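Only one chain is included here, represented as structure tokens and corresponding to the form predicted on its own.
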Amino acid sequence: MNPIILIASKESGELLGSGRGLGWLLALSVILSVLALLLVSNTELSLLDNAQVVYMVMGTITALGGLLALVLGSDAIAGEKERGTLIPLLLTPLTTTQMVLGKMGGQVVAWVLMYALSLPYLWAVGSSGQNLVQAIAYLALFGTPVVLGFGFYAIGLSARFGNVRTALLAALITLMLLASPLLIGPSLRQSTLGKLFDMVNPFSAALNTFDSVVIDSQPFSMQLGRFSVTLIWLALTLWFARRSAQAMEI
């Protein structure tokens, strides 16, 4: 059997069979439940336009997916090293690329599960409004490369640092920086520095697309530049993960 499939199956089995992996998915479900409840029951938040609420939920789901990817990715190689299972893995006949792609198996499964878990919440807050189907489709199309890019990035950090906590800390700092458009005001994002940051930030590209499609009902042809940013992010992080794995010290 292909080594990528073997490693991916192992990673997926450990995620689904471990209390830690299921605990993370449960925690993320609780967060989405609380968010949906606030948006529906809070007087001020409930006055928001329906499309604006769906946009907020899409951004939160993408951020939570990135967080889960960072947690799993930071453990991918450094965790193997700390548990003493890295050398046996490296002695198997597989390339660095195969190892990195195989390690992504658990993260792909985690994102698919999280995406599936998020659909009822999107439906709950957006069923009475516009562009719900587009929201579901664009969350998959733009959220996937952003989230998996965070996973590759964390794997690269895990290989370079060889320590789970250090890799996770560095990864979280990056996530907070890239996901900052969720928190900062529109006026700051419209500044020259904010516009430049948005142009190269994959998270901003996804958020701006969600805004453009769900709120403004713009077509996919107007999202091609932003989609390219997310694909470039995915390609660069894959390259970083491969190079880091090749250069890691056992």
Partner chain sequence: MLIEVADLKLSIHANPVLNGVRLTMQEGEIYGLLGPNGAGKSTTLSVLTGLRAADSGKVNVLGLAPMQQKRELHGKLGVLAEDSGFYGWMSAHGYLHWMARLYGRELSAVEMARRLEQVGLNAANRQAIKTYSRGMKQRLGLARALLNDPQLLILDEPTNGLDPRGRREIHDVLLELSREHGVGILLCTHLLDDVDRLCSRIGIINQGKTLLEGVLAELLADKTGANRYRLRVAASSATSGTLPQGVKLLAQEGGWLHLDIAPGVHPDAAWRELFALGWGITEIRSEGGGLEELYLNITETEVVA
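Residue numbers count along the first chain shown, from 1. Owing to the predicted nature of the structure, the values given are computational and were not obtained by experimental measurement.
There is another form of this protein, the form predicted together with its partner chain, and it is not shown here; the text below is about that form.
Exercise for the section: Tell me, out of L94, V164, L175, V108, which residue has a non-hydrogen atom within 4.5 angstroms of its partner chain in the predicted bound form. Expected result: Exactly one listed residue reaches within 4.5 Å, namely L94.
Handout entry: Residue stretch of 85-93, 135-143, 67-75, 152-160 approaching its partner chain in the predicted bound form, non-hydrogen atom distance within 4.5 Å
Key = Contact criterion met by 85-93 only.
Practice task
Classify N131 as contacting or not contacting its partner chain in the predicted bound form by the rule of any non-hydrogen atom within 4.5 angstroms, answering yes or no.
Solution key: Close contact is absent here: in the predicted bound form, N131 is far from its partner chain, nothing within 4.5 Å, heavy atoms only.
Practice task
Give a yes or no for S9: in the predicted bound form, does one of its heavy atoms lie within 4.5 Å of a heavy atom belonging to its partner chain?
Solution key: Yes, contact at 4.5 Å.
Handout entry: S180, D211 and G225 all contacting its partner chain in the predicted bound form, non-hydrogen atom within 4.5 Å
Key = Heavy-atom distance to its partner chain in the predicted bound form: none of the three under 4.5 Å.
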